[in-house]
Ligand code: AMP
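Here you get one chain, nothing else, as structure tokens; it is the form predicted on its own.
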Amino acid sequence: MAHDEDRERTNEVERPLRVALPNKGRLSEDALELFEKAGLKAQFRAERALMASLGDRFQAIFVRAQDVPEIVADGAAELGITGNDLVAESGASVPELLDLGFGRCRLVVAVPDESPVTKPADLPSGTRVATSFPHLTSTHFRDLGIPIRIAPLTGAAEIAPHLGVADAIVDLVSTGSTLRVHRLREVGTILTSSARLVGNPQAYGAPALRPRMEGLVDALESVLRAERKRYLMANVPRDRLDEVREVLPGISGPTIVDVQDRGTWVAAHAVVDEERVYDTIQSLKALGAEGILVTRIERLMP
């Protein structure tokens, strides 16, 4: 019996962890790109395969984005990537491990331009609301104390008011341009959303699996962290080092390296926020810096 338990634990440690990914759309493309940058490029056995290896330690399974929360909650996959709007709509109990930042959008309440409504609380009792998010919509208006009627739709909710199907809609927007095209305007936001890495709670609590799940979180987070940073190098006068340190704080101060000359110059290396690169270069030039080089960072671990 003990041998069987040991064998089961060994298999659990050695087998690839399954990651449920959206099977199409921008969310799928961005997720695969993120994994590739983390050194986990998807390897497909066939062009339309529903599974792919992500290195030796992980395996991708491709499903509808709205099915990811349930698949992870049920344990069919240990990890998954989908929008937190879909996680909230599903009601699945899956811990959020990382906000991936892409796929940003908002779930909003919108009404026709000619409507007198200026906020969700203005909608009268019995209003018909078209949406593909019936759970979140019902909860939102119940919290407002407004009984509404849900008109469930799987897509194209913005056309519903013009067809007489609904008086208002609840739908996802990013720029709001689609609403404007259909002569609709926002009157309130229910939630903001972005892609999240979620995990199965039982797997995350298992001593054999949690370190591997946390390792993936660290790898993906290192890519996201690097996207907002740049690595800057410059030769600076040694006698102005104190001022240079004020300009180049870095993560824990700039790295200073001696240059093979007469000792009047040193090389300063530091990680700089992307939005500060221009001002930093101008400040370094004012201090007499030369040979300034800025490059991207692939991954950045704290």
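Residue numbers here begin at 1 and follow the sequence given. All values reported here derive from a predicted model rather than from experimental measurement.
Although not depicted, the form predicted in complex with this ligand is the subject of the following passage.
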Completion exercise
The one option of A92, L191, V173, A203 with any heavy atom within 4.5 Å of this ligand in the predicted bound form is V173
Handout entry: Candidate from T139, S222, T178, T127 lying within 4.5 Å of this ligand in the predicted bound form - any heavy atom
Key = T178
Practice task
Name the stretch: of 104-112, 118-126, 210-218, 160-168, exactly one has residues whose heavy atoms fall within 4.5 Å of this ligand in the predicted bound form.
Solution key: 104-112
